[in-house]
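Have a look below at one chain only, the form predicted on its own, in structure tokens format.
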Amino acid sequence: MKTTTEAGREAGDAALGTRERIVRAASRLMQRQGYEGTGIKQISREAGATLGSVYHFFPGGKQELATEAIRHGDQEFTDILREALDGADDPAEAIAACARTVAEALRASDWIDGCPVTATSIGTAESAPDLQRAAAEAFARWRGLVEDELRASGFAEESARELAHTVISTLEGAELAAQLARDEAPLLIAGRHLARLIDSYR
């Protein structure tokens, strides 16, 4: 039986164009199964598309599709992070709010949907360097958003850069810990401590 969230997501996917359905299906499956554990046939079934359609849009095959799936996951977290940063005047409060949002989404997925960028790219350094580059670009983008917000709030350039690295690395690690423990606590604790760390630099 499908959950309400899954049914709603599938209804939304049905309204999308074929290419976007394929990308979203690839992102979702690789988020749960990793790159090696996900096949093109499974992606085509999940997307409700033919194999011919998959190769039409992604002639480079699985690696090209996985790279696009990473970019999709990148945009998803970018949107979450930007909303949190725009929604609070204080960057410390914004990061704590972001951690809560990620925790809520992870719990709502029954602890299945961790970071799609990490899940898709991990272990592919030699076999799929394009995936590694896409993942590195995603992390750099997220750090840049945090760094820009901190600098706009008056933090020194070096402090903003170092804090941005710490924020993104900590949130990523906490998300994995929360997923493995099936418990929000690692993310919520990380959010609170990151907020205190940011405050200590003022």
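Remember, predicted model here, so these are calculated numbers, not experimental data. Each residue number is its position in the shown sequence, starting from 1.
The form predicted in complex with another copy of the chain exists for this protein as well; it is not shown, and the discussion that follows is about that form.
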One residue of A105, I122, A88, I80 in contact with another copy of the chain, assessed in the predicted bound form (non-hydrogen atom, 4.5 angstroms)
I122
Please pick, from S153, S44, T170, Q63, the one residue with any non-hydrogen atom lying within 4.5 angstroms of another copy of the chain in the predicted bound form.
T170
Taking the shortest heavy atom distance, is H165 within 4.5 Å of another copy of the chain in the predicted bound form?
yes
Within 4.5 Å, heavy atoms only: does V54 come near another copy of the chain in the predicted bound form?
no
Would you classify H193 as touching another copy of the chain in the predicted bound form, given a 4.5 Å non-hydrogen atom cut-off?
yes
Please check if G37 has a heavy atom lying within 4.5 Å of any heavy atom of another copy of the chain in the predicted bound form.
yes
